[in-house]
Ligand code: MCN
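First, one chain by itself: the form predicted alone, in structure tokens.
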Amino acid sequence: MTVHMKRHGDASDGAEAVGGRLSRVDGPAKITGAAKYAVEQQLDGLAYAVLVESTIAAGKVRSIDTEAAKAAPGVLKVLTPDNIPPLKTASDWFGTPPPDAPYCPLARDITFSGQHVAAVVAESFEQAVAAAALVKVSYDEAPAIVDLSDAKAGDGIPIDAMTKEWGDAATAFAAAPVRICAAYNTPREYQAPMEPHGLIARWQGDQLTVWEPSQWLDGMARTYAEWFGVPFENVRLVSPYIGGGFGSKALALGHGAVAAIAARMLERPVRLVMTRPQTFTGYGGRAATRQTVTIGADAEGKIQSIVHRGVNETSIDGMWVEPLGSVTSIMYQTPNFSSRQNVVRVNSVVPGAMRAPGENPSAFGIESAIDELAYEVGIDPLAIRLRNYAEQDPHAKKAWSTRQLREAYAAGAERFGWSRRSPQPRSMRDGNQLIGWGVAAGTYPVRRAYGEAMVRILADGSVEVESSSIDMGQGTYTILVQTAAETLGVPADNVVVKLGDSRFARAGVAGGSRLAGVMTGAVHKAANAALDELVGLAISDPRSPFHALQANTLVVANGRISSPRGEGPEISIAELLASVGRDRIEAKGDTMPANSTAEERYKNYTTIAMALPHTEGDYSRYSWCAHFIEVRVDEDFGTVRVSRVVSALDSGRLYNPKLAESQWKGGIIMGIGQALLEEGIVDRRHGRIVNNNLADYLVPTNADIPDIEVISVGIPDPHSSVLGGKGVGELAIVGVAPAIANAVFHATGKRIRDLPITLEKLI
């Protein structure tokens, strides 16, 4: 068959095309309340479950007295480790075959305070809450390791996979005329999404439907299927909207297992929503970290050696590695490098992914240390970064796919006015306000995978796009509308995107800033296939008004079809479909290799085992940023406020600049919170998180945030994605905290190496 070329007109111009500033198409539903979130579904016969948590951090459950709870009004079931049916152990997110051992989501052996030990199910939420308070748990308590500073913690477990070394870093450091050595610490941090974790589970025979906020529907469906020993196709995950995730909603967790078990036992749907305090232990936030960074340099500030040693906390019975050498090993050129890392087991829930895991704390260490080196040798902090600029990936020894970091430095410095900076600490002030200017760089790898999408052109000329991918605020609905509209040559208003249902075309995890690149590529491919079929029908079907033209190409623009030579008719897509007797054109497109097996496809969408390395092939792929930040420190009280932010960022081609800028600003705001406010505080007597609420766990509010200016310096990167984009969502938080810490030093002359930067550390 003749290859049918397409040209697009009106719909590829302005906001509706990829690269345009189309406002979020899901916005009206959210601001009017029409958007229905997962646990807002109204189901007949709905019951309510409430969790009971351990009040000790280490030990064993001796007994659970449930008699009063079972006798309370409305109670349907009280679940304990003694009566809850065991599940099968599920594979992890890499798809590693699990041990042949049962899994129980309610604990007898206690490894952290807040662990699920029982659950009450009742006719109403209020009845379940009241009955849960009547459950009495007795313990045999044991000594706990509360955090990294606990004397019982030890040095931890070496993680060989984190070791990165070349040259002879120790010898080069010892011989260097200028040496910097300092420790940098970050505390536990929590995602604190507005929407707490929760779900509704319903069984219909051996078919399980779960309405749950999810960053990864297919991965979570796999876990539920493995837990209950049912086919993957028997589990449906539904998550149309998500009220924030930041890495915390990518996996099926113990509370979900409890709700699904209760629903099966009662043969009715069960809703379980965590309280805000429970979200601090129901899943893991960012692990606390400790880093020592040593830099050896010559008298001009040229780095000769970097030695990095890192430690992060993990749980007693789980494993989480926060890759602390990830930025340290690539940001600056050095002939000698050594990075090693341990993990230390403490009595805490297993930590998890939080926006830019690894890169975020790694940047705090190296970007603070490079600033210290600048002051030690008397070089401007921006100049020393340019002096040690890495022209290729120092670790992988490969060319960057694109690296617009020089351009980011230049654009940010010019807009910020960096050349007017007085170099000496405590040399800039406004009354009793000490003024500090700081700079830091950030980076995040381009994580790539394969995706799938269904595109339908319907009888009325409208277009449907379906995918099990999700939108948790980053704009998936909108950029997929733009991708389909541009590719098919239809107005954006004619495109409806349906997401958040595992029965749709498959998608991998929305994490690691990969989803936009994956799904725009999949939709682009599916839409092109649908357009090929549309144009092919118009040319080849005898009933088509274009059949007599004997053309080998047609123009599709603004939802209408015409000949590029101006011959023949101009009709709408709907009119063409009617003329050839079709009510729809349907095409599924995926970016998997053509010879992929069904097993490989399943593995791709339900695990991360098939994700493409960011250094695969000839290139090393990263997004980049440079933050220029001004702080004001009250000389009398030691309070720190961020008063100005200018950040320049390289995320390649932006699919929608308005949405990308919003994501960047969100990351910067989280970085301000990390630098000045956020810290999980542990009661050392009992291992409990004492600020487990949004009144005491401080996150930034509007009053804490100045005007933020973001500048895109990216260029299309064809090595990173089909349409040339690179990661957006995780990038901007990386480097914010060290830029603020560096600005605080410039303002006060005091170097703060332990986050958050609070007034007592400055006094």
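Nothing here was measured: the structure is a model prediction, and the numbers come from that model. Numbering starts at 1 and runs along the sequence shown.
Another form exists, predicted together with the named molecule; not displayed. Remarks below refer to it.
Checking Gln341, Ser368, Thr314, Gln663 against the named molecule in the predicted bound form, a heavy atom within 4.5 Å turns up for just one residue: Gln663. A single residue from the set Phe246, Phe337, Phe628, Tyr184 has any heavy atom within 4.5 angstroms of the named molecule in the predicted bound form; that residue is Phe246.
Partner contacts here mean any heavy atom within 4.5 Å of the named molecule in the predicted bound form, and among 380-388, 473-481, 120-128, 498-506 they occur only in 473-481.
Contact check for Lys164: every heavy atom lies farther than 4.5 Å from the named molecule in the predicted bound form.
Looking at Arg309, you'd find every heavy atom of it more than 4.5 angstroms from the named molecule in the predicted bound form. Of the heavy atoms in Gly729, some are within 4.5 Å of the named molecule in the predicted bound form. Interface residue remark: Arg514 is counted as part of the site for the named molecule in the predicted bound form, having a heavy atom within 4.5 Å. Along 649-680, residues Ser651, Arg653, Leu654, Tyr655, Asn656, Leu659, Ala660, Gln663 each place a heavy atom within 4.5 Å of the named molecule in the predicted bound form.
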